[in-house]
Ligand SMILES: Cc1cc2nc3c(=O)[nH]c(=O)nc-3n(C[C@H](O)[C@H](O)[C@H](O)COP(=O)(O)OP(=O)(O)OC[C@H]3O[C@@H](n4cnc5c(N)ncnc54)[C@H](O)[C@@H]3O)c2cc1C
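Heads up, the chain below is alone and in the form predicted on its own; it's given as structure tokens.
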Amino acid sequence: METISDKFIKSLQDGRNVWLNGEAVDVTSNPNFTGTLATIKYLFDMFEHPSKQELIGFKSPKTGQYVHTAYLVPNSYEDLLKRRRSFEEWSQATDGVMSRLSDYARSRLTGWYAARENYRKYDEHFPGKIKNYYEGARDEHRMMCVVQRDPQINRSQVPLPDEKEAGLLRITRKTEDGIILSGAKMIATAAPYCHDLIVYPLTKLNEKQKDLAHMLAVPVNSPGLHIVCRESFAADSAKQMDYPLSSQYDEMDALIIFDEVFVPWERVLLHDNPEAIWQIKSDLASNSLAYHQAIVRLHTKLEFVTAIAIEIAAAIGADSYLHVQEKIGKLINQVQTISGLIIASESQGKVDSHSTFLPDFCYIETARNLGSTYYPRAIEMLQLIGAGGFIQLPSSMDDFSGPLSPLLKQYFKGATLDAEKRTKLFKLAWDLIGSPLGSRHQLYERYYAGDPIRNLAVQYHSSDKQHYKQMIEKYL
């Protein structure tokens, strides 16, 4: 019997145009993708594992089959906790290193679906379109990627849509059956493994730019759509012992080029409406549910860095040093801060006008903004604790099977670990702090949520400052 994961792998053989190293590739067989696909397959297999089904899924009201809990519209505090447990299960299975396993995009979609009636005033067909798309995506285990950013061609100005050199994604033609698109979007993390791209602009547009103001669900195998991948950071299976993270968790990032791509009207969720796009981009239900998932994953990732730091300090006998204890204390402090904010967001959650129980966005926003500095700081702490030990490692774990094995076992051992285990530990850490994959993750955690300065400014503008004003008023 064909499993859900088997169907998923087969579904990627759909004629999509994925480009790597100047060639069109089949992601299901190309060695740069097979390690990550094996990880995704392992996660999908949980839907058919009796002890995991309830942890990561719920039964679809239409099919009665288990689907991912990211699609669960929370109507209570208990529902919100169920969502968190499912995010934790997948995050812990990948140590928080895979950031776009689609549960983020699925949560965004679930929020829009829950708040769909808010957008009827912009387009009477929107509630029906988003309902149909949500139910199909839920029941078909569809993987999605949210892609919003424009290519960095000229950031000194915001061009109008008729300036084709700017590369902005625009509607070039409308037909009875749908629209035609040209332009580009970045950064589409995990796009080679997805079925659909949820596309909409990130910036606020005006009426002169309404040709850019659209929200679409675009199949990745659409003719004329090209997924142009960055350099692969995946290590092949033969190097899994030397690069345990790169060999399994390289999600891949891509530039999406639309060369006269057709999108049928049922997949055009909103169009030609800057105000509607700005409102749906800022939608509280979608933002709250999606970023709730994001900070749960962040918490797991910070725990992972902390665990490595603790093990390394013990392995080299540095855990008795006061400055090392201080650094690990700071790492633990970061983990507990994010944990507290997750709990606070859930316990202070409220039911909105559509009977959706949403986590308190103030705490989520705070955790998200802290994450852009917490993760780089955690990596720096890890670098300082391991120091030169990260540089002086055997070229491969295979060296322990070579002629110098007895000497290597003598000089690479640690205070609490033998040479091979100590080397495995340090190679794990190096994959997180020094490999191309590790460098990418530092950049990702800084900027995946947008400009951290702008995000803090948004938090300033959106916060209720009257409480603070009243504290000072009696002195004035």
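In this text, residue numbers run from 1 along the sequence as written. Since this is a predicted model, take the numbers as computed values, not measurements.
Form predicted in complex with this ligand: not shown, discussed below.
The stretch in contact with this ligand in the predicted complex, judged by heavy atoms within 4.5 Å, is 451-459, chosen from 451-459, 8-16, 464-472, 21-29. In the predicted complex, this ligand sits within 4.5 Å of a heavy atom belonging to Val146.
Although the partner is absent here, Cys229 is not a contact residue: none of its heavy atoms lies within 4.5 angstroms of this ligand in the predicted complex. Heavy atoms of Ser355 never reach within 4.5 Å of this ligand in the predicted complex, leaving it off the interface. Within this chain, Leu202 lines the site of this ligand in the predicted complex, having a heavy atom no more than 4.5 Å away.
This chain appears without its partner; in the predicted complex, the one residue of Asp283, Glu303, Asp253, Asp319 with a heavy atom within 4.5 Å of this ligand is Asp253. In terms of contact with this ligand in the predicted complex, the residue from Leu370, Val261, Met186, Met381 that brings a heavy atom within 4.5 Å is Met186.
Across the proposed site, Phe126, Lys129 and Tyr133 without exception lack any heavy atom within 4.5 Å of this ligand in the predicted complex.
In sequence order, Arg440, Leu443, Tyr444, Tyr447, Tyr448, Gly450, Asp451 are the residues of 421-451 having a heavy atom within 4.5 Å of this ligand in the predicted complex; the partner itself is omitted from this view.
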